[in-house]
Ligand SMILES: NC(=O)c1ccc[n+]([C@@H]2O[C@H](COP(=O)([O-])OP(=O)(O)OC[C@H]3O[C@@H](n4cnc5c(N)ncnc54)[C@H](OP(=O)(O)O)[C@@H]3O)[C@@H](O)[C@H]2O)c1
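This document opens with one chain alone, in structure tokens, the form predicted alone.
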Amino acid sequence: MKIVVTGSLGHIGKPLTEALVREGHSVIVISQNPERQKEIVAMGAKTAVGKPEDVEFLTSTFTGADAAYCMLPISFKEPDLVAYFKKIANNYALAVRRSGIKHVVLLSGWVAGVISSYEEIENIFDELPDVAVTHIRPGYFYSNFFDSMTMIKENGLIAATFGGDDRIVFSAPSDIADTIANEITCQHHGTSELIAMRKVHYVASDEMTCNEAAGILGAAIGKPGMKWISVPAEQMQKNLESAGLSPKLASDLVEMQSPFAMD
């Protein structure tokens, strides 16, 4: 199969590309960074350098492919993150229509069943005529802990709008990549039944309380007893704005955190 992978060689894109190449597929990796080309080629894939804001570039890259993995990049330069997500989703959908791709796997999120904006994004793909669409909904990425490194080093704790004994589902990027690879390669049969299919696939690697996760991480890095505290949404909003984010972007990020905790 000829498969287009968006998201460059990120936490998911790299293991996904490795898996698809290993299985003998022809893979094109879209990256905004020309410096990634050498690494992509060394992995046995081809590269297409361009931005998801460029519909013509996407259409040209998608043309001739059997399937595409689409992810929505987070841009903290955008004042309205949800509007940006919808813009990129519509660009992908238009490129799929124009190129004739018949199978798309979208990286969505666990929150898609809770936050309406995520459902709206999934609906953009569901409205594609004669295209098989799979929505991948992972939980909280293990790799998100990298974003808390400064907080952990300086304060010895993790803070979010959820924490303590809230239960959370974690997803390993490698597990997400494996799921995407299976969806792309196992579903592609070219049948009319497949074309009509709309599928949601949740990815969960583990489940525990926030403090249990913090304790495991703390023990591994020499900070035994580390806690994961819950911060009120209003305070998190102020903290993000103090860090230089626009009120709308801060609000979007706070909203994205809210459904992760499990009752």
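Since we're looking at a predicted model, the values are computed, not measured. Just count from 1 along the sequence shown to find any residue number.
Just so you know, the form predicted in complex with this ligand exists too; it's not on screen, but the next bit is about it.
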(Q) Within 4.5 Å, heavy atoms only, which of G164, P73, G100, P79 is in contact with this ligand in the predicted complex? (A) P73
Q) Taking this ligand in the predicted complex as the reference, which of N211, S205, S31, T59 has a non-hydrogen atom within 4.5 Å? A) S31
**Q.** Partner contact for Y84 in the predicted complex: this ligand, 4.5 angstroms, heavy atom
**A.** yes
**Q.** Exercise: A172 in contact with this ligand in the predicted complex, heavy atom 4.5 Å
**A.** no
Q: Check whether S108 has any heavy atom within 4.5 Å of a heavy atom of this ligand in the predicted complex, and answer yes or no.
A: yes
Q.
Does any part of H11 reach within 4.5 Å of this ligand in the predicted complex? Heavy atoms only, please.
A. yes
(Q) Given the stretches 221-229, 31-39, 59-67, 234-242, which is the single one in contact with this ligand in the predicted complex, using a heavy atom cutoff of 4.5 Å? (A) 31-39
Q: Scan 125-143 and write down, in order along the chain, each residue with a heavy atom lying within 4.5 Å of this ligand in the predicted complex.
A: P138, G139, Y140, F141
